[in-house]
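Presented below, as structure tokens, is a lone chain in the form predicted on its own.
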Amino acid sequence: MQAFLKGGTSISTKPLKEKTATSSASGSDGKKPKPVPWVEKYRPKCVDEVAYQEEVVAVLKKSLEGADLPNLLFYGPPGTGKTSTILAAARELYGPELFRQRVLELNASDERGIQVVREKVKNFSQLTVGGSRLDGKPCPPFKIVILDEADSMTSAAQAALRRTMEKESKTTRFCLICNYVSRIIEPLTSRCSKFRFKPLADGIQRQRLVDICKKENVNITNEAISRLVEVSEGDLRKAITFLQSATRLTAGKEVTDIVVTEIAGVIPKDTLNSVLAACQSGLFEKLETVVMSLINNGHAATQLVNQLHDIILERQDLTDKQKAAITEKLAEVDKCLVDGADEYLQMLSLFAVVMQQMTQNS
């Protein structure tokens, strides 16, 4: 019986090995490149590729030439290149081999309470490193700790960090990245060189989008690119994501501004004009029908508030006092929506005030 089992096992394992060997061989031959989001694919690989942030690029270039790097604090709106800039600088400093060993990146999604700062960050900071790379190029004798979304760290964790920054200054440099510099405690900001990342200019954004379209063979109209720049509001990451989504939606056909508007969730101007026309009519029943139509079409109330704000400020038929009353109501509605209020009721309440102000003159 035992001999039979032994024989059975030897017979069954042999073809299994051959099968796995052949399958692995065939898998290695016909490997397809993994699809990568365009945001990651076109992320700057070196400091020179970073767009529009001249001051930061100049400082980092000096540090790459051999000068010492200070502790850094990058702040500004999302999608302006804060994380990309420090990652590109770190890759140039350490090369691809040492990058993983000498850079500790902690994001908002990671646990970054006081315990992590005391243990993980402190232990990483205390390690000393050499000053040469595997390829023989000179390399700075310090490591970099990147704390992304630092404004979401607790005050206690930030306070614990300041002593580590001071104590381990010989072996480690810190780079704090945040959207709101006011949420970083004063002792940390005084220990860092602060750099503000500006929202990207329209021309820079347009150029980047055109370059990506050429590389990806995307057929797109000039109006669509202008619309992408408009809806992204200086956020290049958002613009590239919208471009990729629009390309996938059209499946090789021409990308138009209508497609971009649909993808971005922006409310069309015709729809907004019809709402304002209902307000001017002074009929609440008509207004109620239009608001219900907005809800049924799935338009977001927060998006409506943002777009309506710009339209109200540009209108010539309203006095400053009327504009002030409407914008005050816009602020109230925005707060209520953030707190989780019902969209239909808030929009009705908002447009009732708009109707009241518009029908005052008539």
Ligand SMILES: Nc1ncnc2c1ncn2[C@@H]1O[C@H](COP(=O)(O)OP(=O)(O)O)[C@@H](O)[C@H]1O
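As the structure is a prediction and not an experimental result, all values here were calculated from the model. A residue's number is simply how far along the shown sequence it sits, counting from 1.
The same protein has a further form, the form predicted together with the named molecule, not shown here; the description that follows concerns it.
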Segment that reaches the named molecule in the model of the complex - one of 214-222, 233-241, 162-170, 188-196, heavy atoms within 4.5 Å: 233-241
All of Val56, Leu64 and Cys175 within 4.5 Å of the named molecule in the model of the complex, heavy atom check: no
Position in contact with the named molecule when the complex is considered in the model of the complex, options Thr247, Gln158, Ser84, Ser125, heavy atoms within 4.5 Å: Ser84
Listed residue that, although the named molecule is not shown, lies within 4.5 Å of it in the model of the complex (heavy atoms), from Ile146, Ile263, Leu200, Ala90: Leu200
Partner contact for Pro44 in the model of the complex: the named molecule, 4.5 angstroms, heavy atom: yes
Proximity of Cys336 to the named molecule in the model of the complex, heavy atoms at 4.5 Å: no
The named molecule contact in the model of the complex: Pro77, any heavy atom under 4.5 Å: yes
Proximity of Arg208 to the named molecule in the model of the complex, heavy atoms at 4.5 Å: yes
